[in-house]
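First comes one chain, alone, set out as C-alpha cells in the form predicted alone.
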C-alpha cells in the first residue's frame, strides 16, 4: 500500500492546460474517486500518478519519496482500463501470468499468487478460455486478476465499467468495492458516473476544467457542495438551480423568493428535487409553474415543471401523484435545505432570516 501525494501538479498540451495546480493527498489504503465530465483532466491526473505522463510542473510522491521522474514500471502500480487490454492469443491464465513475468518469483510462488487471485475473483472456469470467448464482464474480471496478482502498491482504475451494460456495472461495482476493502490497497478510480463515485469511494475529488473543485466524503460532496459546479453535477435528478438576485435580505428569481442573510448581488439558488413540494396557492413566496412532464420511476415520480420559458425545475413526488401537462401548480422549497452561490460560483453563507 502507498500513500500518494500530488503537489501542485500542472500539465499542458501545447496551449491547453489539462491539469492546473492540482494538490491532494491519498491516504494509505484509501479508495479515492476522481469524478468529473469528459475533458476535465481526471485521466491525465491518473496517468501522471502511474508515470504514463510526465507533469509539466509539480511532483508525485509515493510514501514521501519523489517518483515524478521514475518510470511507470518501477512505481509498482497496476492499471485497469475501460478496455480489458488482454492478449487475444493467450488464455485467461496465461494473461494473468504475464503480470509476473519479470517478478523474479519462483514457479511455486507464482502459482500460489495466481491460485489466490483466481479463488478471490471466482474465475476458475474462465482460465482456459481466450478473451474472444469471454463476456465483457468476464474479461474485466480477468483484467482485474491480472492487476491484483502483482500485489501492487496502488490500483489505478480508468473507467473500468463504462463499456459494460447496466446490470454488469451494478454487479462489478460492488465486487470492486468489496475487493478493495479486503485487500486494503490504495486505489484511485476515474469515472464520470456519479453513482459509481458515490457508492464506491471513501472520498471523491470533483474536477472541472483541469482544476480540483472539491474533495470530501460522498456525504460531504452531496450535502455540502462548495461550488455551483459541484452542486449541479452531483445528484440524480440534478439539483434545481435558479438564477436571481439578493437584495434587501431576500433572494428573488423567476417569481420565487426566499428570505436570506447574504451579500447583495447576483446569485444562484440551489435546491434538490426532494426538498421542493407542491403547495396551496396562498403560501407566501410560492412559485407558480406549469406541468411540463411527469416521469414515473416506480417507487417515486419526477414532476418536471416550467417556471418560465428557459427554466425547468424537478420535484420528487409520490408515485400516486397525478397531474396534466399544462396544469398550473404552486411550489415551495424547504428554506433550511436551500443553497446559495455567488456570481463566481462559490458557495455563500445562507441563513433563512428569522421573522422579527
Partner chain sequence: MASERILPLQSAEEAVATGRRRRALSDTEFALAFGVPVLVFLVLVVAYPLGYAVWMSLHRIMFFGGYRSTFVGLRNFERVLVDAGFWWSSWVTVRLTAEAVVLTMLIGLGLALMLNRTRAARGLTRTLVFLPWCVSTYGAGLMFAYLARGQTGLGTSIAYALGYSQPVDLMTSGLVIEVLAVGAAWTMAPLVAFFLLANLQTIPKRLYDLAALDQLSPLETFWHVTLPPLRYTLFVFASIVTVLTMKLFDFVFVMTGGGPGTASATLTYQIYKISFENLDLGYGAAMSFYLLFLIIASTLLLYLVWGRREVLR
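Numbering follows the first chain given and starts at 1. It should be emphasised that the depicted structure is a prediction, and the values quoted were computed from it without experimental measurement.
This protein has a second form, the form predicted in complex with its partner chain, left out of what is shown; the following refers to that one.
Only one of the listed residues (268, 180, 194, 99) places a non-hydrogen atom within 4.5 angstroms of its partner chain in the model of the complex, and that residue is 99. Among the residues 250, 85, 105, 115, the one placing a heavy atom within 4.5 Å of its partner chain in the model of the complex is 85. Taking non-hydrogen atoms only, residue 72 approaches its partner chain to within 4.5 angstroms in the model of the complex. When its partner chain is considered in the model of the complex, residue 47 lines it closely, a heavy atom lying within 4.5 Å. Taking non-hydrogen atoms only, residue 301 never approaches its partner chain to within 4.5 angstroms in the model of the complex.
Using a 4.5 angstroms limit between non-hydrogen atoms, residue 317 is distant from its partner chain in the model of the complex. Annotated contacts: 290, 296 and 334 are all free of its partner chain in the model of the complex [non-hydrogen atom within 4.5 angstroms].
Partner proximity in the model of the complex, defined as non-hydrogen atoms within 4.5 angstroms of its partner chain, places exactly one of 172-180, 269-277, 73-81, 230-238 at the interface: 73-81. Contacts to its partner chain in the model of the complex (heavy atom within 4.5 Å) from stretch 154-170: 158 only.
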